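Given as structure tokens, the chain that follows is alone and in the form predicted alone.
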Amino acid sequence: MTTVSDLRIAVICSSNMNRSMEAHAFLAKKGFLVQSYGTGDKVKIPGSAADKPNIYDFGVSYDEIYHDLLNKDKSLYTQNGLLHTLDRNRRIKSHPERFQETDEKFDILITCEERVYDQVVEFMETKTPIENSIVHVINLDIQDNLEEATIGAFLISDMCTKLAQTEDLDNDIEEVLHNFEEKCQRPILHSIVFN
């Protein structure tokens, strides 16, 4: 598949399970160079009750999580969409990845909630830059449910398309984000950090 841009993009949520993976799938289909990550200590997904989440280590495969939930309660996890989500995820990559553990370099880091944005900015600011290349960290709040993840993926794709069309990303990004924020009626945060 031909890439639409040479921008290296990462989409980041807490567990690399729903929002970041929906956007990863969408951007990859559009031809973007994209990876996805989580920032949490563990992968946490809904369980049989609000106070009983399923918790896994990063690195446990989507396939293993899928079969674990299938064995625990096929009906519940089919009904709430988790088995479908995991099936999609395992077709994209093998396992959830933690952002703080990657050596990959990116031009744009897109986070799906302000808490994750703060974690990414803090992590990037504590790292010693190697290349001193600019990285744009952008937050677009997306509720962590299947419907909002789909809407969020459309918005992220639209935003990335507009960013990829700029002649000079570093000079044009503020205007592009301002216009996008007005169009989608969602607040956007933006910071610059360095690789």
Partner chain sequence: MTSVHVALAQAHKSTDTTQRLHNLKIVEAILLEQKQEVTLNNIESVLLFYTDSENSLQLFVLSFIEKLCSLYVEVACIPALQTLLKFYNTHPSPVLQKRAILTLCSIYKPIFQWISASAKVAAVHRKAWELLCVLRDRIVHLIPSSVPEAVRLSIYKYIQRVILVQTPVSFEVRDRGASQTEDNLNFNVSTLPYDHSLLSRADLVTEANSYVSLLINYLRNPVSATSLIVLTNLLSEIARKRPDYYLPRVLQSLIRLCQAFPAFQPYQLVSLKKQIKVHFMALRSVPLAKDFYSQISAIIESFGGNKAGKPLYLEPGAREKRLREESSERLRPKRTKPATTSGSSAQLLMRLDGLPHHVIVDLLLAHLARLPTSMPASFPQIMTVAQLYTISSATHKTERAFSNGVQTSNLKTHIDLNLKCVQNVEDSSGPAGPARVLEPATGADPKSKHTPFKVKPVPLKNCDKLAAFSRLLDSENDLFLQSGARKIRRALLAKLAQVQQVFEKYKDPAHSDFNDFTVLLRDVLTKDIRKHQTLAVAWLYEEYTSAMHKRRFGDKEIPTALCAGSGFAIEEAPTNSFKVDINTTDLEGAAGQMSRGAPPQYLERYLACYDFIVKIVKGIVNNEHRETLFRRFLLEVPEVSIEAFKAIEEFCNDEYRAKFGFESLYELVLYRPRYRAYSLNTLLAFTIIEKKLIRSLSGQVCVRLCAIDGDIKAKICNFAMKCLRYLEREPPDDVQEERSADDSVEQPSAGDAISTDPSTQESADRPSKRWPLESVQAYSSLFFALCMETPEFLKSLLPVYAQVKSEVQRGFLQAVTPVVLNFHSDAIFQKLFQNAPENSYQLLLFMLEIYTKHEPPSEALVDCIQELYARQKYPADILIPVITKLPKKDILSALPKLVLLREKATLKWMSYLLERRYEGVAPPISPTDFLLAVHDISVTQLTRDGLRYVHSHCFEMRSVFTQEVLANVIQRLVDRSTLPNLLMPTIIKALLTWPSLSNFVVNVLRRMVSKSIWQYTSLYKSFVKTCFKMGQSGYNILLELPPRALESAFSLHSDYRRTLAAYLELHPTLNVPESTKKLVLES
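Positions refer to the first chain, counted from 1. Given the structure is predicted, the values throughout are model-derived calculations rather than measurements.
There is also a form predicted in complex with its partner chain; it is not shown, and the following applies to it.
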Checklist entry - At 4.5 angstroms, heavy atoms only, are Glu114, Glu131 and His190 all close to its partner chain in the model of the complex? => result yes
Checklist entry - According to a 4.5 angstroms non-hydrogen atom cut-off, is Glu122 in contact with its partner chain in the model of the complex? => result yes
Checklist entry - Would His178 sit within 4.5 Å of its partner chain in the model of the complex, counting heavy atoms only? => result yes
Next on the checklist: When the contact criterion is heavy atoms within 4.5 Å, does Asp170 count as touching its partner chain in the model of the complex?
Outcome noted: yes
Checklist entry - Can any non-hydrogen atom of Asp41 be found within 4.5 angstroms of its partner chain in the model of the complex? => result yes
Item to check | Candidate stretches 144-152, 25-33, 162-170, 62-70 - the one whose heavy atoms come within 4.5 Å of its partner chain in the model of the complex | outcome: 162-170
